[in-house]
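First, one chain by itself: the form predicted alone, in structure tokens.
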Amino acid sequence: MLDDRSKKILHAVIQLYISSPGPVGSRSITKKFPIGLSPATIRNIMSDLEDMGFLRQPHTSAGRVPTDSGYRFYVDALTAEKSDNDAELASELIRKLELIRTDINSFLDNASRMLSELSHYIGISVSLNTHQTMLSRIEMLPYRKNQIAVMLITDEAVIRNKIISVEQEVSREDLNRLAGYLNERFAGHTLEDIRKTIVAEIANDRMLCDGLISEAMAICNNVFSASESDVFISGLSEVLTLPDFCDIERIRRLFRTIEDKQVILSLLEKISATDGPQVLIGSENPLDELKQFSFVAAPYCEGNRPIGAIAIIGPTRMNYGQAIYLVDMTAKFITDIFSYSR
């Protein structure tokens, strides 16, 4: 436990270090914060905080910088106090969210871009748990020769489109019959249950004599077997402007990790089962590739069911108050969008 003076000094060091990356000295604190303590007293408190593992001194006679433990104490205090947010940032966030809500199909892609633009870090949005998504309706239209456009409308009011190649050209009338058959049989079932049913029937050679139904099952096998999670990543260029990313090898490791969407997906799938924003700081990250970075994420839901997550990745020297606010408000907005769409 820290006393009030130690908390104030720790918070001052972190806030100064976030605004300007460099060891923080006692005189900088006295100039920027009305703490009412002498530089000598502040130095003693900073030394105690270093002994407790909240600060470290990169060089002898230099000031201190926060450790992951120091950031964790700071973040926990932020979430407990619900610190005031920048009114200008809040207004800009609401404006951008209202602009992108009009196109639900590209909403998540635009949401990741928006998070990156406002935070200047990496923005990520993911649609998860598609196997638990229920089919509301399926529609089919002729597209090109031996190709059809299949549109899945899910219970989240999200439209998934896919172009399917077929062995022979199918008329619009037959496509309407196909869609009618599939809607009657599978509406209200999860995409995963539909996929399992189709795979089992094909494997057991239980195709009905009606060639049209055989065609329907073949189309469904193509559509539902490809219901992977979508991952949208934006802002890799944003972090290159930060002094934390002057190490080229560090940048390469981060980019390789980010580009492997399955790595990010596995981390966000765990976070999607939690409630509210989650912050992983440096060494707290389960992925070795992210132990030099911080990860702020929150799930969004349809009703009580998590269906995705959004996140910000940045340096441990992150503006946590701003990042938590952006992620939390965006996740809540997306939840409202999907709930309202129902």
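For every residue, the number given is its place in the sequence shown, counted from 1. Please read all numbers here as calculations on a predicted model, not as lab measurements.
Beyond what is shown, the protein has a form predicted together with the DNA; the following relates to that form.
Colleague: Can you work out whether K7 and the DNA are in contact in the predicted bound form, taking contact to mean some heavy atom pair no more than 4.5 Å apart?
Modeller: The answer is no: K7 has no heavy atom within 4.5 Å of the DNA.
Colleague: Does G282 reach the DNA in the predicted bound form if we count a contact as any heavy atom within 4.5 Å?
Modeller: G282: no contact with the DNA in the predicted bound form.
Colleague: With the partner left out of view, is P315 within 4.5 angstroms of the DNA in the predicted bound form by any non-hydrogen atom?
Modeller: No - in the predicted bound form, heavy atoms of P315 and the DNA never come within 4.5 Å of each other.
Colleague: Taking 4.5 angstroms as the cut-off for heavy atoms, does A62 touch the DNA in the predicted bound form?
Modeller: A62: contacts the DNA in the predicted bound form.
Colleague: Given a 4.5 Å cut-off on heavy atoms, tell me which of 41 to 49, 274 to 282, 307 to 315, 291 to 299 is the interface stretch with the DNA in the predicted bound form.
Modeller: Stretch with heavy atoms near the partner: 41 to 49.
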